[in-house]
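Just one chain is shown here, as structure tokens, and it is the form predicted on its own.
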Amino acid sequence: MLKKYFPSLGVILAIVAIFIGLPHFYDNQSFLFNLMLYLALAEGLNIIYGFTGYLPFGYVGFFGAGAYGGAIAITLLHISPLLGVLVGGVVAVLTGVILIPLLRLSGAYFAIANLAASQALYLVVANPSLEKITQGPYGIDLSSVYNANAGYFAMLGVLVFAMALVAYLRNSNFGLSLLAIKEDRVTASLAGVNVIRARSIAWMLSAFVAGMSGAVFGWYTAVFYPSTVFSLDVSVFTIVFVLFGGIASVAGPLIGALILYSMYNFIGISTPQYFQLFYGLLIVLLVLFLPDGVVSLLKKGKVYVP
């Protein structure tokens, strides 16, 4: 039974080896950290979109909630940064629980409502009246617990956790239930799948990954602002990476993020406005002509994709 997990385990071990070994040959830890960040976010988005078909344009809301949840716990409760990462994930899950009614919507209605919810979270966090808690629009300073190396490996841990979750969903009965909901939730319900419970669990697992990613990001960068962790760019990049690579697989989002974020780092930073236009056009083209991403081309070539 465990043999079906071997290909996914091979991918996970390869990613771990790459990010442990690369710093010895490529002296740009910030790039490697951000690459891991988007790999983890892409896998987290893959849980809700790849397996249930719900595309949250406001996915950054969970990321921002996790960043602020972890940072506030560290600064006010004086807990360790690693525990703050878990708190960030829990805060994102609680945010997801509050937003569960959005799952009653579908398609563009869900995407727009989710985006509006993320912007509402941003306005709450950036409210000057909450300065004593969130520091309002003035940002949070975590320089007292700053540790770049620890933050780097914490991000690797979150990435491994996200990949393991997707590997489990891809090879488990629960994952098959989610895919059944994606195909036809009425038929899935008639077959005995508890649609509401299953998609709510997927929603909260996805939020947990984004929340932990946000908390590690806050720890690693030391100083951040609401406009940084609630930036729509986070959602756009993550969505493009997942669509480009392919959904409902471990390797798909990894392929998308590795290729496109590397392109952005070496080309797009100097001309971000044009690269954002490129990403926007890419979303449209992928949805229209290659909805299952690059992995669908590999599958047509009889290549197994874990």
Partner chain sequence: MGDLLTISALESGYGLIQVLWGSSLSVSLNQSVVLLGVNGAGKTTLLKTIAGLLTAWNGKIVFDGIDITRAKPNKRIAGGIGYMSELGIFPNLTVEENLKLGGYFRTEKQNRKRAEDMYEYFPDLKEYRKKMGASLSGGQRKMLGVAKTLMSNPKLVIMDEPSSGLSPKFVKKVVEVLKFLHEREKLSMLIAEQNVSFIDFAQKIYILDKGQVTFGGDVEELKGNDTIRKTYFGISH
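Only a predicted model underlies this, so the values are computations on that prediction, with no experimental measurement involved. Positions refer to the first chain, counted from 1.
Same protein, other form: the form predicted in complex with its partner chain, not shown, and the subject of what follows.
Residues with any non-hydrogen atom within 4.5 angstroms of its partner chain in the predicted complex fall in just one of 154-162, 137-145, 193-201, 231-239: 193-201. The partner is absent here, but in the predicted complex a heavy atom of Leu179, alone among Leu179, Ala167, Leu115, Val87, sits within 4.5 Å of its partner chain. Note on the partner interface in the predicted complex: the residue among Ser189, Ser106, Ser80, Ser227 having a heavy atom within 4.5 angstroms of its partner chain is Ser189. Its partner chain is not shown here, and in the predicted complex it never comes within 4.5 Å of any heavy atom of Asn149. Within 4.5 Å of some heavy atom of its partner chain in the predicted complex lies at least one heavy atom of Asn173.
Its partner chain in the predicted complex comes within 4.5 Å of a heavy atom belonging to Asp184.
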